[in-house]
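Form predicted alone, single chain, as C-alpha cells, below.
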Amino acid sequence: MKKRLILLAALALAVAGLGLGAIGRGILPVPEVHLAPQKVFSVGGFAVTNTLLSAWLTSLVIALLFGLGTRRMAVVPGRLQGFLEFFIETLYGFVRGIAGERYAKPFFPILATIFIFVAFNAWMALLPIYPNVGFMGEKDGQAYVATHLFRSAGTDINMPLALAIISFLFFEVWGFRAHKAGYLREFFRFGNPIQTFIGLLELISHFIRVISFTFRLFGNMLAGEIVLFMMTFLTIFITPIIFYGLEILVGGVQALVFMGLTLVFAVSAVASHGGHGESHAAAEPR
C-alpha cells in the first residue's frame, strides 16, 4: 500500500512539474548552453575560466577527501577510511586483472588519478551551485545567470584533450621502456611495401587515439549537461531526478572507459610484438 502511495505521489509531482514548467506556463527563461568556457577573471593577463575553476575545485575536494580519510590511519578503519580502502582496492583489482601483478603497481597511480578526477568532476557538476551560482544578466526582463562561476571541466575540450595527451604519453613511454628502441619497429617496417604500409597505419592509429579519447569524453559530458538543462527547463519536478541519476552513472562509466582504454593500450604497448621486444618485454618496471 505504501509503495502505491509513493508511486502515485511521484506521478502526481511529475505531472505537476510538467504543468508548472516551461511547457505548461513558460515561467522559466530559456536556458543558454555555452559551448566555450566563460572567463570569470584574469590574473596578469591569464584568463581564469569557470571550467578551470571547476577543475581546481574538483582537485581540492579530492585532496581534502583523501587527506581526511588517511589522516589517522587505523588497523580497524573508520567509515571514511574503510570506504576509501574499499574504493582503492576495487580499482586496483580492476587494473591487476588486466595488467597482471607485474605492471599493476606501476600503472595504478596514473590510472587511478585519471578515474578519480574524471568521475568526481562529472559528479560535482551535478551540484546545485554549478547552474545557479554566477554573475547575473537580464534577458527579456528576466534575470538569469549569464556567466556561471563553475562549469564542468569535461565540457571544456581543453581538459579532455589534456587528459588524452597524458594518456598517450603514458602508454607510449611504457612501450619504449619495455622494448627500448625495438618499440619503433612496430611503426617502421621496411621488409616489403605491405609491411611498410601496415607500420604507417599503426603509427597513425596511435595518434588518432588522442582525438578519439578527447571527443569521446568531451561529447558525453557536454551532451549530459545539455540534456539536464533542457529537462529542468521543460519540467521542474521528479523527471529531472531521473536524468540526474543517469548522469551519475554516465560520469562513472566515462571515467572507467577512459581509464580502461588507457590501461589496455599500456598493456598492449609493453607486450611482446612479433620478433622485436623478446628480450625487452620481460623488463621489470622500476
Partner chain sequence: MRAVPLLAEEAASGIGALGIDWTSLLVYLVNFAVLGAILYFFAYKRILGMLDARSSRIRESLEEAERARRESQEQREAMERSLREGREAGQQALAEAREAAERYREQQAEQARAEAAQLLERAREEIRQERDAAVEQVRSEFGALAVSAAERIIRRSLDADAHRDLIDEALAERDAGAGRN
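Everything quoted here is computed from the prediction, not taken from an experiment. Numbering follows the first chain given and starts at 1.
Below, we refer to the form predicted in complex with the partner chain, which is not included among the displayed structures.
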* Asked: Taking the shortest heavy atom distance, is residue 196 within 4.5 Å of the partner chain in the predicted bound form?
  -> no
* Interface membership of residue 244, the partner chain in the predicted bound form, 4.5 Å heavy atom rule -> no
* Report yes if any heavy atom of residue 125 sits within 4.5 Å of a heavy atom of the partner chain in the predicted bound form; otherwise report no. => no
* Taking 4.5 angstroms as the cut-off for heavy atoms, does residue 203 touch the partner chain in the predicted bound form? -> no
* Every residue in 88, 116 and 166 with a non-hydrogen atom within 4.5 Å of the partner chain in the predicted bound form? -> yes
* Structure fact -> With the partner omitted here, the residue among 223, 47, 257, 230 that in the predicted bound form has a heavy atom within 4.5 Å of the partner chain is 47
* Sequence-ordered residues of 58-74 touching the partner chain in the predicted bound form, heavy atom within 4.5 Å -> 59, 62, 63, 66, 67, 70, 71, 73, 74
